[in-house]
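This document starts with one chain, in the form predicted alone, laid out as structure tokens.
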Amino acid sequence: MNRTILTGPAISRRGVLGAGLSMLALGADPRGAAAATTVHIECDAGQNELPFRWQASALEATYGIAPDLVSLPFVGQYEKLVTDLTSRSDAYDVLVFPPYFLGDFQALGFLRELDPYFSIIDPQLADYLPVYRDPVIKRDGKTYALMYDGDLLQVCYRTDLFEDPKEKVAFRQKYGQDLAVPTTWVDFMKVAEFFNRPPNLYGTAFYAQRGFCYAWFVNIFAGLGGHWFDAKMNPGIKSDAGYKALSLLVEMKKYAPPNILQIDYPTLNQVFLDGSTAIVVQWDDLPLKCENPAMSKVVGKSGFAPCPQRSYMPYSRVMAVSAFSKNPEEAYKVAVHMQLPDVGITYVYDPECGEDPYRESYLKASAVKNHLGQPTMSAAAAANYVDAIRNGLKAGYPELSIPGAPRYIDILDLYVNQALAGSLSPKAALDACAGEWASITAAEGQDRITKAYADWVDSFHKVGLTY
């Protein structure tokens, strides 16, 4: 566990604007005459800490808060937090974690309800995109978290290949249809097969390493009409949709680089950014890197689109206040500041970090800038990118977020990985996974989990989302 007291760089033009607006709203003294209060902020180490670093000076100037960043490893974050919070540790004031932890953390009493703090600073939740509002940050009608990062999977493809006249003719000759961005998984497989020309060009690639390979399975499963569970908590993966989705993912290996089982988040970025892959599904921060010349060989050669049929929303990040914080009001001020419209917009399109849009007001091409206020894409690319996010979220498929979710997801990832490695057939893998899911449900309490799942599904229906 690493700690960093953030004094912050000089506040950028956008940071000054955000700090100034917040100070006016609070009637705060920007001179910060009183000694700063230290607030301990837990976050997974790496690029996702950067917005807190960029806002450190604004937090001190606006609220008299000195942020102390407590960095945890990405792998093992859940286990570390559960261990510390079970012992009622006050090592953390602000907790940054994926929403699928929320069901467990709320049930275990690790989080403070935030609604009583709204009178201090209005978090402006009406601007949240519906898919991120009540379903993600609330439980039993109470607010336990605020958004920091909105994730979904998205298609990135090589426009220079898709628009090449010779490629168009060859594709029509082979498949009897036009070469186009796929809107079904059948067509995605055709595109991947067509462009698979090793060793210099591969049709596709995906996250196949243990840890998040489950998400690429669920993305296909969602598009085929699958559901996590039925109303009685019978696992939905043990179904024709589940078997077909995992079979397609296993088949996709044929059109991917030979090291596919070692491909993780940064490697998946790299095999597209280096120009060696025609089309990939990746988290929606890859497009920002595609248009950055320091990172990409495909600048100006990339297009972005929603995933076929539905776009899965794995991970994301929320900010919560620890139930054991000694400075809960100050912790709330940090969390609410980081997601205010004028602050969040300074980092959700920055290619250096991994945070993505979660407010309606962010979904405009003119907002696609880095934390210094500099455009990071051409106007045309930015418009394409924002449209892809908006259209993906219209059919966004929710990450599981009920008590037990981290265990359900980890077991699913284990068995998907075994199918990808060839040690189990897709059907055998999902049947075995379903058996373990049933054991998790029994351990959590059948009636309790059935109700929690029903309430969670209902929260999506209430905001007009199909599930």
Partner chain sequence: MHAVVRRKPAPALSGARRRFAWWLMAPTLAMFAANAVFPLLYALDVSVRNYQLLIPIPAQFVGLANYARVLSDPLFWSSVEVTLWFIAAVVFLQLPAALGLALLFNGLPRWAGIAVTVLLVPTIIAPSVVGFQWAQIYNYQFGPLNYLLGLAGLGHPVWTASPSLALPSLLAIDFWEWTPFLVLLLFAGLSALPPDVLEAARVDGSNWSQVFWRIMLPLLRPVIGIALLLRVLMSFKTFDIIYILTAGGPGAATENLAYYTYIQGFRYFNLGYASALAIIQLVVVAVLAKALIGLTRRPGLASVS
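Numbering follows the first chain given and starts at 1. Just so you know, these numbers come straight off a predicted model, no measurement behind them.
Note that the form predicted in complex with its partner chain isn't included here; everything after this is about it.
Scanning E193, E113, D104, E360 against its partner chain in the model of the complex with a 4.5 Å heavy atom cut-off leaves one residue, D104. L108 is the sole member of V186, L372, A170, L108 with a non-hydrogen atom within 4.5 Å of its partner chain in the model of the complex.
Using a 4.5 angstroms threshold between heavy atoms, A443 counts as touching its partner chain in the model of the complex. Contact between L261 and its partner chain in the model of the complex is found at the 4.5 Å heavy atom cutoff. Taking non-hydrogen atoms only, K394 never approaches its partner chain to within 4.5 angstroms in the model of the complex. Although the partner is absent from this view, S247 stays clear of its partner chain in the model of the complex, with no non-hydrogen atom inside 4.5 angstroms.
Residues with any non-hydrogen atom within 4.5 angstroms of its partner chain in the model of the complex fall in just one of 129 to 137, 82 to 90, 226 to 234, 149 to 157: 82 to 90.
In the model of the complex, its partner chain lies within 4.5 angstroms of at least one heavy atom of each of the following residues of 390 to 417: R407, D410, I411, L414, Y415, N417, in sequence order.
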